[in-house]
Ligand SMILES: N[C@@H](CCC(=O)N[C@@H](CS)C(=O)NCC(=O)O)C(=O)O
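First, one chain by itself in structure tokens, the form predicted on its own.
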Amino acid sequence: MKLYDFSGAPNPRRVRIFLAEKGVDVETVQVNIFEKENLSPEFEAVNPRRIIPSLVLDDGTVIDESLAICRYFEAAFPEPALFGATAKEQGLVESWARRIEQDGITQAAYVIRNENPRFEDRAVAGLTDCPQIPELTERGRKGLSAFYVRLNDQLAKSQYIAGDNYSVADITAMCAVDFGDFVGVEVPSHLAALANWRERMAARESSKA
């Protein structure tokens, strides 16, 4: 199998961290989104949606979307359980992972895709002739600021995002917060619980993936 990856983006990073936590090695192919390599005919033949990450199985099946790829590896390599062990844990992990996608990663994407000149005319992932909307940049910044507060509130009462155990929700949140830094919306210093959690996450070997 092959994992089509880009080291400069948060969603592929989620998969890399997940694989590192599982101790699984997968052949990777770098596709530079900044240089529009995902829009090339060669990559479009791999995945017509032209999005990264994309996992191609040995039988040619293509799985895209970070959480779906992580789900595949969770089923193939159940330990350690990163989507929760019980029904309650699985529901909470999935809920938080999806919230973080929408409230964190998507908001940061609004900022970079509607502000950075590299994404002129392709403000939506995988699409061309899609102009930037400057107003969405400010909306993204406001969304990220509100997201940080909600995340801090959760971490003030829970060791990890979705409870007592490290999970894909923590992976997603780490990528979201680091992505927020990258687009210029840093975590306010007074959010102590979030800052403490970030230190613990950065200390994990998988965070370097």
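All residue numbers are counted from 1 along the displayed sequence. All figures in this text were calculated on a predicted structure; none of them were measured in a lab.
The same protein also has a form predicted in complex with this ligand, omitted here; what follows describes it.
- The closest heavy atom approach of Ser66 to this ligand in the predicted bound form falls within 4.5 Å.
- Although the partner is absent here, Arg50 is a contact residue: one of its heavy atoms lies within 4.5 angstroms of this ligand in the predicted bound form.
- Although the partner is absent here, Asn38 sits close enough that one of its heavy atoms falls within 4.5 Å of this ligand in the predicted bound form.
- Interface membership of Ile33, defined by any non-hydrogen atom within 4.5 Å of this ligand in the predicted bound form, is confirmed.
- Between 195 to 203, 182 to 190, 19 to 27, 5 to 13, the stretch whose residues reach within 4.5 angstroms of this ligand in the predicted bound form through a non-hydrogen atom is 5 to 13.
- Using a 4.5 angstroms heavy atom cutoff to this ligand in the predicted bound form, all of Phe119, Arg122 and Gly126 count as contacting.
- Comment: this ligand is not present in this chain, but in the predicted bound form one of Glu115, Glu74, Glu94, Glu101 has a heavy atom within 4.5 Å of it, namely Glu101.
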